[in-house]
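Here's a solo chain for you in structure tokens, the form predicted alone.
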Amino acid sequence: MPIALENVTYVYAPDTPWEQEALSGVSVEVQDGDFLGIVGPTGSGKSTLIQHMNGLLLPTHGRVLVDGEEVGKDRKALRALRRKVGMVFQYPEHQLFEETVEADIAFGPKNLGLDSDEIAERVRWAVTSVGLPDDILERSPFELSGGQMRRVAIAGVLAMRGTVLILDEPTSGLDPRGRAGLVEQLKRLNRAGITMIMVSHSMEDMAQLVNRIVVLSEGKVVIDDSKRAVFSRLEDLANLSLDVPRVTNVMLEMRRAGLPVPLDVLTVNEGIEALCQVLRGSDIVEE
């Protein structure tokens, strides 16, 4: 498996008046090809958790393994780890700084000391992987739309040729068109074999993208299951002040109105199909 956290506890500012335990005995496994979603209330430890996955933070107790190797045991290996496990922070377009898109995407590979042909090949591959045309390479990143800038920032991480991509609120602040385009590209990247880990408050994004969800509360894992199983636990999520996809709420209201619709509906298309089955008189829910 690419990543495993084993009984990880992390304490900020230990042995000071500001000491705070952000994670407490957290164990999470990420399998090859996963698209793992991480959700939880504000302050539940989501950002702290993902920063352990590429060695930006090291556990106070417990350990993190990446491809079987313990993170932090050899601090010289951390640089190689961060090439393997890429991190895209919230609003990554704020980190764009070069004069052209090409220069921004090439920045990481250049720092690896690669030759110019290899750098050019990586830049072309990365920009294609995020669904942008080659002719965008000569443009300034600051002339692009928000969604395009977000994709350029992701391309810069992909150009490092990692096998795991961690995203913190990847669609935050995007308009509907930019969000839809980015969601489709993330799906394609995962289908192409990149293991994905995503923190998001958007339950619509979770419903469309991930196959499994970890729910955090007060620094602990309280749910770790398939997305359908997680979103079917309406009362547990409500107790954590977490929502479900809007279409799931619509199904719940239909059920309360007496229609025998299922509650594990996560997308609009699934909702339409479920409603059509009811209207055709199909028994799709056990009474």
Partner chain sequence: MLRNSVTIGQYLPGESPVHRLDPRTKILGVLAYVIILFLVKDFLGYGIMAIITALTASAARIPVKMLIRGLRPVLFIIILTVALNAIMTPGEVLYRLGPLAVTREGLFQAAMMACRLLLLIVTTSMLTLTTAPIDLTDGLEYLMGPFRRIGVPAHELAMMMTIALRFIPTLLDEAERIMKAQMARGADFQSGGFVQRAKSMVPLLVPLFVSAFRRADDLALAMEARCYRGGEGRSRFKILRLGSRDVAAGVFMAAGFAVALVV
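No experiment lies behind these values; they were computed from the predicted model shown. Positions refer to the first chain, counted from 1.
One more form of this protein, predicted in complex with the partner chain, exists but is not displayed; see below.
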Handout entry: Close approach of Thr128 to the partner chain in the predicted bound form, 4.5 Å, heavy atom
Key = no
Exercise for the section: Look up in the predicted bound form whether Arg82 has a non-hydrogen atom within 4.5 angstroms of the partner chain, and give yes or no. Expected result: yes
Handout entry: Partner contact for Ser232 in the predicted bound form: the partner chain, 4.5 angstroms, heavy atom
Key = no
Exercise for the section: State yes or no: in the predicted bound form, is some non-hydrogen atom of Arg124 no more than 4.5 angstroms from a non-hydrogen atom of the partner chain? Expected result: no
Problem - Complete contact of Asp15, Leu57 and Gly156 with the partner chain in the predicted bound form (any heavy atom, 4.5 Å) - result: yes
Completion exercise
The stretch from 49-57, 31-39, 65-73, 218-226 that lies within 4.5 Å of the partner chain in the predicted bound form, judged by heavy atoms, is 49-57
Problem - Residue among Ser116, Thr100, Thr163, Asn111 with a heavy atom within 4.5 Å of the partner chain in the predicted bound form - result: Asn111
Practice task
Could you list the residues in 79-95 that come within 4.5 Å of the partner chain in the predicted bound form, counting only heavy atoms and keeping sequence order?
Solution key: Arg79, Arg82, Met87, Phe89, Gln90, His94, Gln95
